[in-house]
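Encoded as structure tokens, the following chain is the form predicted alone, with no partner shown.
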């Protein structure tokens, strides 16, 4: 099993969730975070003054899938989250040794 962790733009969350659900990937965890990458932030005008915002809002999506589904999940996320601009995000793949379903005690390795 692998955990796929995607960091994406907040406005693309609904597109990504819908695309994943259409392919049968409904179980996920989502959280709001702030971060920056190559984009290094943006400049905004606020009350006539320019200010630099270097930590931008992002969304993290976590999915744990079987090894043979990882490339499919990555492909779905890439296609549905992409705008072609800096700040589109990044996808990480992390090995998962075991998962335990709390309700039933079922163990997957």
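What you see is a predicted model; the values in this text were computed from it and never measured. Positions refer to the first chain, counted from 1.
What comes next is about the form predicted together with another copy of the chain, which does not appear here.
* Asked: residue 66 near another copy of the chain in the model of the complex, any heavy atom under 4.5 Å?
  -> Judged by the heavy-atom cut-off of 4.5 Å, residue 66 is well away from another copy of the chain in the model of the complex.
* Is residue 90 a contact residue for another copy of the chain in the model of the complex, using a 4.5 Å heavy atom cut-off? -> Because a heavy atom of residue 90 falls inside 4.5 Å of another copy of the chain in the model of the complex, the answer is yes.
* Asked: Does the 4.5 Å heavy atom contact test between residue 81 and another copy of the chain in the model of the complex come out positive?
  -> Yes.
* To do: Evaluate residue 101 for contact with another copy of the chain in the model of the complex, applying a 4.5 angstroms cut-off between non-hydrogen atoms, and reply yes or no.
  => Contact check for residue 101: yes, within 4.5 Å of another copy of the chain in the model of the complex.
* **Heavy atom within 4.5 Å of another copy of the chain in the model of the complex - qualifying residues of 57-72** => Going through 57-72 in order - heavy atoms within 4.5 Å of another copy of the chain in the model of the complex - the hits are 60, 62, 64, 71.
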